[in-house]
Every structure is written in structure tokens, then in C-alpha cells.
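Have a look below at one chain only, the form predicted on its own, in C-alpha cells format.
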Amino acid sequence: MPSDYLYEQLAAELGDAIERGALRAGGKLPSVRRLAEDRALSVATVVQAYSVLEGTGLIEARPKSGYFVRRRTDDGDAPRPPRKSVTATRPAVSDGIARLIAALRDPGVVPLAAAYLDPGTLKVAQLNRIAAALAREVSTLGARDDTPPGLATLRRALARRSISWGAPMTEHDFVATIGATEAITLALRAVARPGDAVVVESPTYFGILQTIEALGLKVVEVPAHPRTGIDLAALHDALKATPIRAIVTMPTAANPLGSIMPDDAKAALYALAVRHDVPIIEDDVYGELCFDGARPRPIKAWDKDGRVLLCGSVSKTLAPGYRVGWIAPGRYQDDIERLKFSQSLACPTLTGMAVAEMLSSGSYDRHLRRLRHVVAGQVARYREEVLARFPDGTRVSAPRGGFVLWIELPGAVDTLVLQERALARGVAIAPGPIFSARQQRFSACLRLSCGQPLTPRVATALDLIAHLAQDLAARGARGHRASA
């Protein structure tokens, strides 16, 4: 949707010109004062627009020279999608995830494995103040459960925000959940039974695979492109070849690729789901964290018959520890409410009320604009460091949202071994195999979180990973020559 802010409109226009090639890589942009005069804008507006573009990695500032279009890698340097398969598989990722979670409990470990933002970039302190004030003012708070569909003030706040998503809904369209994980679990339980098969993107977030494993479901993995998301031709083949109970997808800032599906692809995906009469479970947890400042429409915006179950939370933008999430389940509303009541009865009232107040305030949108800029800048800096430090031939995603990098290492590097060796030295990474139901997939890949500022400690950790990867690649090459 068009922005009301002049600097965002200018940033979007220049960004589009860069993407189309009208402004070439390496080319110099007009000076701030010249562009301000040409467009009859204030200098501050142009500075903010250039700051947004710099944060997204589209341009760079050179001391005493001005702003230039950044030379960008093409898709040939991105990690390669996996081969297509229409075979349903039972995930078995829980053991690998358990090792990752155990590492996160150690405060001495550099946390490059989990997709968490540095607390300084979130609004936890403000939320805590709101919660404390509510606890003082409402003496009966916590005396009763807010049973499904959940806290009315939260659902009303979500309904107001859904207008800016491009998918207007009412408070009656939402059910409050304990984070997005519960929302996705409820969605899967509503549409599938043990032994059924669901489609997931490949690679996909390991938490989705773990939930599918716990529910006794199977998955058909459909390759995803690092920039545009799930392969629609491969999805069509999977829907024709195998009975599918649901499509589980993350079209906006997918985890771990950071891809964003174009609108025409979202419309085509929805049309496929209609043709094959399959529901869509849409994970929109990163929907507000797109680098260009424009909030893409979810697939829910195309939903005409209630088959899209939209899941989200504030875990990536406000406070993961508040565990405030939601689902807009469409035609499955009654099923979801019954399942929610049987699964966890209700959601905590105090945290929901605090989040509802925050979502309804103008400060939340200001926070999102700042957060997108911070996150985009950190991702760009991490990516540059990885390309500079890691072995030659390393492939790195170029995310368009979120705050993780998907990395494919060269040679015969086993990232499960890399994980063990890095952890022994105090650094946690997320190995590629836990992002697939097929353990042999992505054995040379890893996901790196860019949620922490690039401090000297983090830079040292990146050097360690690079050194260990180089050593494993060399050992693999020697072993290959010895067996030849």
C-alpha cells in the first residue's frame, strides 16, 4: 500500500528504479541538496529516504563522495534450491532441534543460531511499563480466563491493523493464541489427521517441521527460490501426485531464505489451492519486517472462501517472551476455537492487554520503521562479513526481509559436525539438516541469525565458523582424493 510519508514514497520510487536497472550498480545518486531542490522536498526527507535505502543494502554512502548504488550479487551467488520431489516423508528433526535449544540456554555462547533480536531493538521496556500500569489500574485483572476467541481489545487492535496489511478483517475473524507456534499447531490440527501429508517449502523453519512431526503428519517438500519463494510449478506437480491436506507457506520474509513472493505468485498459489480444494496455512510472523518499508499483502488478501488460515505474533517485532499470537482461520473458526480451548484453555490476559495497547498506539508504527532500518542494516553487514571471511565458493542468501541468512558452504562440509565444533568453542549455529524432513538435504548449509549487533565478539565468532568450515572443506577434499 502507498505510504503516507514522503521519505518512504521517495525511497520506494528510487528502490524500484534500482531493481529495474534504471539506476545502475556503481552509479552515483544525486546529492541530498540537489535531489531536495529537484523534488521540492526538505533535506531531512531526502536524508531519511537515503537512510532507508542504505539500510536495505540498495545504496551505500562513501565518505566525501556521496551515495552510490551498491553492486549486488545475483541469484547465481545464492544458495541453490533442492531437487523437486513429490514423495511424502515423516520429519525427524526433534533431536537436532533439542541440541540447538540446549545451546541457547548457555549465556556464554554467542547466539547465532536462534532468530531473536537484541533486546535493545525491541519495545520490551515500554510493554513492561504498560503491563505494570494495567496491573495497578485493573484490580480484578487475572481473576478470569479470556476463553476463545480471546481478549476483545487485542482482536480489535488486530482488526484495525489488518487494514494496513491489505486484508481487512473484523475482531470476530481472529482467535488469540500463545504465540505463532500455537497458531500453526491449531491450524494443522484443524485440517489434518495423523498420517496425512502437507506441503512445506524447502528449506523451511525447523519449528514447523517439529510441529508436523509431533502431530504424526507427513510432508511433501517443495523447493523454494531464494528471492521469490515456493516454486509454483513444483507445487502444482505435488498437488497432482499426492493427496495433500494443507499447504504450509511463509510467503513474506520466509525463514530461512528471506524471500518474498510477488503478488501475482500469491494469487496463483491461492488459485492452485482453490483448484485442488486445499487449505493454506500462512505463517506471517515476519510480515512487518520487509526491508523496503512496504508491508506486502498476505495471501489472506486474496481469500474469497475462507480457506486461508493466517498465523502471526509479535515475537519478532515487540517481545518474544510475551507469547502473544493470533490466527485468522476463516472457515475453520469454530474448529480452531474448540481446539484452542481443549489445548490451552485461554491466553494470558495481562500480556495480551499490554500488546493491544501498544498495537493501537502511533508509537508502534514509528518503532516498526526504525526496526526495519536497523534489521536491514545488520543483515547487510553480516552478509558482507560472511562473504569476506568464509571460504571461496560460499553462497549466501540476499534476504528481502527478516533477519537471518541462509548459507551454503563449498565442498563436503557437514554442518552438523560444524555445529558440534563451533559449540565446543562457544558459538551456536543452526545446521541445515534441521530445515528439512530429509536429513541428507542441506548438509552443507546453515542458518545464521543477524539479530545481534555486529560487535567484535560476533566478528570473532564469524571468524571461528569460517576457520572451522575451511578446515572441514579441506579435510573433505583430501578424503575425496584419497578414495578416488
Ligand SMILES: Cc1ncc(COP(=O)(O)O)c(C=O)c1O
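Residues carry their position along the shown sequence, with the first being 1. Small disclaimer: the values here were computed from a predicted structure and weren't measured.
Unshown form predicted in complex with the named molecule; subsequent notes refer to it.
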Answer option from 315, 333, 351, 162, heavy atom within 4.5 Å of the named molecule in the predicted bound form: 315
Scan 382, 406, 291, 205 and let me know which has any heavy atom within 4.5 Å of the named molecule in the predicted bound form. 205
Whether residue 179 contacts the named molecule in the predicted bound form should be assessed with a 4.5 Å heavy atom distance threshold; does it? yes
Looking in the predicted bound form, any heavy atom of residue 323 within 4.5 Å of the named molecule? yes
Using heavy atoms and a 4.5 Å limit, would one call residue 238 a contact residue for the named molecule in the predicted bound form? no
Look up in the predicted bound form whether residue 355 has a non-hydrogen atom within 4.5 angstroms of the named molecule, and give yes or no. no
For the chain seen here without its partner, which of 212-220, 280-288, 408-416, 337-345 has a heavy atom within 4.5 Å of the named molecule in the predicted bound form? 280-288
Stretch 243-272: residues contacting the named molecule in the predicted bound form, 4.5 Å heavy atom cut-off: 250, 255
